[in-house]
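The chain below stands alone and is given as structure tokens, in the form predicted alone.
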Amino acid sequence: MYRAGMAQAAQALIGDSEFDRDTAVTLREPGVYDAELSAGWTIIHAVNGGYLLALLGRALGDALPHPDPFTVSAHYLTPSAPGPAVIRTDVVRTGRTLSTGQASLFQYEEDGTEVERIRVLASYGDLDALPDDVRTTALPPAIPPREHCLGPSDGPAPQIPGSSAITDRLDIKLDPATVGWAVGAPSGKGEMRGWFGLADGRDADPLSLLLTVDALPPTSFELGLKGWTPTVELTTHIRCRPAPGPLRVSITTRNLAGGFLEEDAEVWDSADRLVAQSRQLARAPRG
């Protein structure tokens, strides 16, 4: 079990970090929120899908009576760009233990036309009210110690066109067995594993887990494909509140067919608990 935190000059706190500022929403009127998509979370051609999921997750957390996302399913309709956005939420149902809502994020074209970027259906509850009973066959991913894994400064930068601004906001150390793509020697396996944290040291919470499931390089890189891997649909399950410290993320793809691939992600915390799971369907790069 890995408990040592990552070295940080001044660790940011939950609620007072770059992630929190960049996922902030402002209530305009009941159910309608204004937001600003930060250019700091872009990758290749668009704003990262996990960041967008966290942004809508924050709006839904304000609109619904329960505090924590349990399951969030998103359909990505058009690529998002840095700049102003509007989020419209709707409470579908409220119950004693769960509440369900939907939300859509809109941006505007140059001619003023409103375009829907992403639509979400989510159920929220209270993670602190869940029972402690755990029965599982799942095991944490086998990842070398963090000091033996590789980050952006440990080798030549891979030649991928477009923005990589998001990498400056993340602290990712990848399993060497999954970084052949970075030196032109992909393994051919649809696997990506690594240690994950935010660069400013902010600990994980249920909202940031929505970013975590979509923050590692896509498995398509290890399949020998370069370029943007746009998400079509992403469903995330938050299983429990993560303990402080770095996370371990494992992502696998078993089937690329018809120009689409699936990615199954697991996120484990420093207490060896499975804190989040996800599955997404993505369009394979054309490279």
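Just so it is clear, the model here is predicted, and its values are computed rather than measured. Residue positions are given as counts along the sequence shown, with the first one as 1.
Beyond what is shown, the protein has a form predicted in complex with another copy of the chain; the following relates to that form.
Select, from the options 241-249, 51-59, 27-35, 65-73, the stretch whose residues sit within 4.5 angstroms of another copy of the chain in the model of the complex by heavy atom distance. Among the candidates, contact is made by 65-73.
Within 4.5 Å, heavy atoms only, which of L150, A199, A165, V92 is in contact with another copy of the chain in the model of the complex? Checking each option against another copy of the chain in the model of the complex, the one that comes within 4.5 Å is V92.
Between L211, L174, V120, I87, only one gets a heavy atom within 4.5 angstroms of another copy of the chain in the model of the complex; which residue is that? Checked against the cut-off, the match is V120.
Can R279 be called a contact residue for another copy of the chain in the model of the complex at 4.5 Å between heavy atoms? Result yes; R279 sits at the interface with another copy of the chain in the model of the complex.
Although the partner isn't part of this model, could you tell me whether T229 comes within 4.5 Å of another copy of the chain in the model of the complex, counting any heavy atom of the residue? Looking in the model of the complex, residue contacts with another copy of the chain do not include T229, since no heavy atom lies within 4.5 Å.
Heavy atoms within 4.5 Å of another copy of the chain in the model of the complex: does D111 have any? So D111 does not count as contacting another copy of the chain.
D205: touches another copy of the chain in the model of the complex, heavy atom cutoff 4.5 angstroms: Answer no; every heavy atom of D205 is more than 4.5 Å from another copy of the chain in the model of the complex.
Taking another copy of the chain in the model of the complex, which residues of 235-272 have any heavy atom within 4.5 Å of it? Residues within 4.5 Å: T235, H237, R239, T253, R254, N255, L256, A257, G258, G259, F260, L261, E262, D264, E266.
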